[in-house]
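Form predicted on its own, single chain, as structure tokens, below.
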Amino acid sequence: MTNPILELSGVSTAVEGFEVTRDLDLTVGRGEAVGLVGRNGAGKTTTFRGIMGLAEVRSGSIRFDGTELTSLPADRIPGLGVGYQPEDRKLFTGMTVDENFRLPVWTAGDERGIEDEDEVVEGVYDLFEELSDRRDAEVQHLSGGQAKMVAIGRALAIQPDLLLLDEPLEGLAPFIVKNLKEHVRTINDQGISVLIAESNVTHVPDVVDRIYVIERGEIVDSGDPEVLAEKPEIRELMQGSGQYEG
């Protein structure tokens, strides 16, 4: 792949002194949707937190649009154009849906060249029409699906070039999963590159172009999502049984 928007090369990360990922290589092309799949504890969230400067990167390189991220403080990375929906959402409780969407514009809008805050926020509501009548609701009163939409919409409010989605479909009813998949495809169709982490390998084949399989902090396979999702050893891996032999 020539000139990817995101490139991880030999990345090893640690949490509280314990190594989580080892020598991890991963790329996301411009306008591409890529999946990172693995069971809980495999290293998906730590990989995302490493990209965002929130986890210790012990070695390796993380480059976004030609800029080395490992040398930057975490608060600089969103302004470069990386949107992040954390696994646990991290919504600003006590604030409304609308305020959650506006806060990233207040903090990173200048760096992103955002001149019209209202236009950006209305663009998020255009995507997530389900939230249009919940603008003034405090986020702690939302359903699980609505809260996931707010977390994704907040990440979109900086008008990113790359969107990191950590388990956006986890724990949701099937009809909500279907709706969120459609939203992710719409985001990607707008030219935004997407890296999506999921523990359920069956969630991603109809959303992404390629997938990486991570197990115990290492990439153990990669390729066509439909092909890999049908491999028995990968399905067993997601269920927590056995080790992947490749």
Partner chain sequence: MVALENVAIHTLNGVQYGFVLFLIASGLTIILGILDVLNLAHGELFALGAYVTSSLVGALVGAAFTPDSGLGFLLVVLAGSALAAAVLVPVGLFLEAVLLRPIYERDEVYQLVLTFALLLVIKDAIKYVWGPKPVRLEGVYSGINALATVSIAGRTFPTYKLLIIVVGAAVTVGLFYFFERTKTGRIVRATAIDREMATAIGVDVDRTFTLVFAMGAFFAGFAGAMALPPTQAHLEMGADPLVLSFVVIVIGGLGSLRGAFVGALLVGVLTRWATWLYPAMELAAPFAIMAVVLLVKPEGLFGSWGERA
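Numbering follows the first chain given and starts at 1. What you are looking at is a predicted structure, and each value in this text was computed from that prediction instead of being measured.
Unshown form predicted together with its partner chain; subsequent notes refer to it.
Of the residues E170, E130, E99, E122, just one reaches its partner chain in the predicted bound form with a heavy atom at 4.5 Å or closer; this is E99. None of the heavy atoms of L26 is located within 4.5 Å of its partner chain in the predicted bound form.
Mapping the unseen interface onto this chain, R154 counts among the residues with a heavy atom inside 4.5 Å of its partner chain in the predicted bound form. In the predicted bound form, its partner chain sits within 4.5 Å of a heavy atom of T107. Its partner chain in the predicted bound form comes within 4.5 Å of a heavy atom belonging to M52.
Against its partner chain in the predicted bound form, the set D75, K90 and E117 is in full contact: each member has a heavy atom within 4.5 Å. Contact with its partner chain in the predicted bound form, defined as any heavy atom within 4.5 Å, is confined among 170-178, 77-85, 142-150, 122-130 to 77-85.
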